[in-house]
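A lone chain, given as structure tokens: the form predicted alone.
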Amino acid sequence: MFSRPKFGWIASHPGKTAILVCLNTVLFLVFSATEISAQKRFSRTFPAGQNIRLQLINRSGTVTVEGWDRQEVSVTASLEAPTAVITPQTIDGTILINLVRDNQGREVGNVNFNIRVPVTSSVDIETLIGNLTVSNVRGGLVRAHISSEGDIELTNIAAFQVTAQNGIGDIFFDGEMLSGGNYRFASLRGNINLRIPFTSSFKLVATAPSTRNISLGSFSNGGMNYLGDGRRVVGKFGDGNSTLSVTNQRGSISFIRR
């Protein structure tokens, strides 16, 4: 009958032990090389003026956009297998990257973007699944849209039009509300937290139909009216010279003084 070798067998056969160790090392290196080869990188730099617009339509993966002082747009991405095709276009002052169009009918892995843009850029980001982060942007537009699941984080933003919308996930906005600006935040399920200066001025419609969880914090005043047994808040803060709409179907809405 077959029996397992004893530890003494290994000790008495050092040559065979060395072969086993080498074999394990080779297998480890092979699998590591396969994993590394599954990750590919994309890198492009585009010259840009003050009012450049970046439009990115991703399918899945994280997207991070950060404003900087250079007059150029830097796009880097890590692509997981099966690797997607990325074909950027520059059209009338807009840098367009559309992975949905470029990979129609193909199965592709996550594409994780890290992008830097001039601080005065407009940024329009859309994806199906994945977290979106935009920071240090002071252009005309910031739009972040997640069709399914993922968190949205917008920090140090000063744009005239800001839209953040997702299905499942949190939304965090930390920025200024400019006179004449339009700001819209919407989620099906998650927490919406808005951190804005106390000097902000806006007309507000905030709706949380399922939870009735709307916290105005320091922005609560006599001009704010709770309607529908707390499901909606309508009112004005300051002079009301910007428009703010916040809707969270199954989550909370909170205002934080910046």
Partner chain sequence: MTCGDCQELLSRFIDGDLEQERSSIVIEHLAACAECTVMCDDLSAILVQCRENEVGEEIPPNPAALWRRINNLIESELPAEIPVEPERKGLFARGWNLTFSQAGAAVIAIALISSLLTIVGIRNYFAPPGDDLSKSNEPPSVFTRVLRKVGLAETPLQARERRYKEQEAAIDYWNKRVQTRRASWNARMSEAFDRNLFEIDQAVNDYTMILQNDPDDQLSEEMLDSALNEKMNLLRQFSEL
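What you see is a predicted model, and the numbers here were worked out from it, not measured in a lab. Numbering follows the first chain given and starts at 1.
The discussion below concerns the form predicted together with the partner chain, not included here.
Chemist: Ok, 179, 90, 71, 104: which has a heavy atom sitting within 4.5 Å of the partner chain in the predicted bound form?
Modeler: Going through each option in turn, the one that passes is 104.
Chemist: Consider the chain as shown here, without its partner, and state which of 64, 220, 207, 191 has a heavy atom within 4.5 Å of the partner chain in the predicted bound form.
Modeler: Contact with the partner chain in the predicted bound form is made by 207 alone.
Chemist: Looking at heavy atoms inside 4.5 Å, which stretch does the partner chain contact in the predicted bound form, given the options 171-179, 145-153, 116-124, 71-79?
Modeler: Going by heavy atoms within 4.5 Å, the stretch is 145-153.
Chemist: Examine residue 228 and determine whether its closest non-hydrogen atom to the partner chain in the predicted bound form is within 4.5 angstroms.
Modeler: Result yes; residue 228 sits at the interface with the partner chain in the predicted bound form.
Chemist: Closest heavy atom of residue 215 to the partner chain in the predicted bound form, within 4.5 Å or not?
Modeler: No, residue 215 stays farther than 4.5 Å from the partner chain in the predicted bound form.
Chemist: Quick check on residue 195: any heavy atom within 4.5 Å of the partner chain in the predicted bound form?
Modeler: Residue 195 lies outside the contact set for the partner chain.
Chemist: So, in the predicted bound form, is residue 247 in contact with the partner chain at a 4.5 angstroms heavy atom limit?
Modeler: It does: once the partner chain is placed as it appears in the predicted bound form, residue 247 has a heavy atom within 4.5 Å of it.
Chemist: Within 4.5 Å of the partner chain in the predicted bound form, counting any non-hydrogen atom, which residues from 153-186 show up?
Modeler: Counting only heavy atoms within 4.5 Å of the partner chain in the predicted bound form, the contacting residues of 153-186 are 165, 167, 168.
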